[in-house]
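As structure tokens, one chain now follows by itself in the form predicted on its own.
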């Protein structure tokens, strides 16, 4: 093989993936700093080992009288310096972890639902667009993924963004990233999830904002011939399942849902919980576990009737019914002892 051919070969074998997110540079810097520390201290240790082996080999004339068994200054140096470096790495890594998990600026974030299942990734944009094993996002805009698994544990991993998070059944997980470079980037499942785990791959397409808006317009579909957002699809399910026969304000059979998202709920067992995504999902699939105080336990479970995608759509619709930090009137009265069942 010629020198030119060897250079061409190694040019196609990157040391690490291309960095294409806001967090990639600092993560790479942290990684290289830790590697540098490891090499530095390893070199010191092995260098001293070789030095003393050469100096005190059997039969050497080195002075072995009055050996030193204690040196306070040396012990402080080799204890405090590594401690300080370890704490520095810990603080740096913790700061980076917090920034990745909860970005400071998320007002303009793009919310996308992700469902992992054997063996594919299903994504849905708030405006209704669905993708399988692909995700289109605009460059320079924070992206928030709300993820859940429909079967076993998966792991959403995009090496170019330096982000990875487990996707587990029965619980929503979030993942943030902000792409900084237009391009096409690998998406993997990094958790062994079954016989076709190696086929659970995909692509993230980072586009210019105007190209992303054009993609959204060219990829709209919904109920029948109409274009439906996630909330609109959830409204259709709400009607189809006749949820309003119990939860509409004029029915009073079940707790009203207007303004419920983000509020505090008092359950029949005395617990007080926040009506977030996890609560609403459990209330839909297993309502007996989270019966609201003052209401009868009569709602049937929908676990076997709805997919995770449909549950996400229902939650998005419920969120549009209103927001607030105060308890709904019916629940306030229940806590005062008035039976609304």
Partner chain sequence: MSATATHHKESVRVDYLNVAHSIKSWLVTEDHKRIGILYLVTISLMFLVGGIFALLIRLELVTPAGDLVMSDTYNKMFTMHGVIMIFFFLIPSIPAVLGNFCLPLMIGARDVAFPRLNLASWYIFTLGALFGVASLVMGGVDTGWTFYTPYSSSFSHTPVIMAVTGAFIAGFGSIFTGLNFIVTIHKMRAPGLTWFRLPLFVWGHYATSLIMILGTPVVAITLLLVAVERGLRIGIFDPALGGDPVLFQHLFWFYSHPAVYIMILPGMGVVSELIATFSRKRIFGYEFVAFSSLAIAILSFVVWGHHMFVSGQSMYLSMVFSVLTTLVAIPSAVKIFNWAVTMHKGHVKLDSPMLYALAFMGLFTIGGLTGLFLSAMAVDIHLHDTYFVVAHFHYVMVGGAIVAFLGGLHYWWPKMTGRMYPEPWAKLSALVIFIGFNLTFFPQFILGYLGMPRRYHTYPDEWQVLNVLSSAGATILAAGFTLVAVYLIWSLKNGAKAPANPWDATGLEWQTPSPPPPTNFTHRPVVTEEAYNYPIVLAKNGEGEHQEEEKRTHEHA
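Numbering follows the first chain given and starts at 1. These numbers come from a predicted model, not from an experiment. Throughout, rigid core stands for the largest set of C-alpha atoms superposing within 1.5 Å between the two forms.
Another form, the form predicted together with its partner chain, is not on view; read the next lines as being about it.
Figure note: of the listed segments 267-275, 208-216, 133-141, 171-179, the one touching its partner chain in the model of the complex, with heavy atoms no more than 4.5 Å away, is 171-179. Here is the short version: of 108, 245, 239, 79, the single residue with a heavy atom within 4.5 Å of its partner chain in the model of the complex is 79. In the model of the complex, at least one heavy atom of residue 41 sits within 4.5 Å of its partner chain.
By the criterion of a heavy atom within 4.5 Å, residue 68 is counted among the residues contacting its partner chain in the model of the complex.
Residue 45 belongs to the set of residues with a heavy atom inside 4.5 Å of its partner chain in the model of the complex. The shortest heavy atom separation between residue 28 and its partner chain in the model of the complex is within 4.5 Å. Residues of 44-62 placing a heavy atom within 4.5 Å of its partner chain in the model of the complex, in sequence order: 44, 45, 46, 48, 49, 52, 53, 56, 57, 58.
Superposition of the core reveals a Cα shift of less than 2 Å for residue 126 between the shown form and the other one. Residue displacement note: residue 274 has its CA displaced by under 2 Å between the shown form and the other one (rigid core superposed).
After superposing the rigid core, the Cα of residue 81 is displaced by 2 Å or more between the shown form and the other one.
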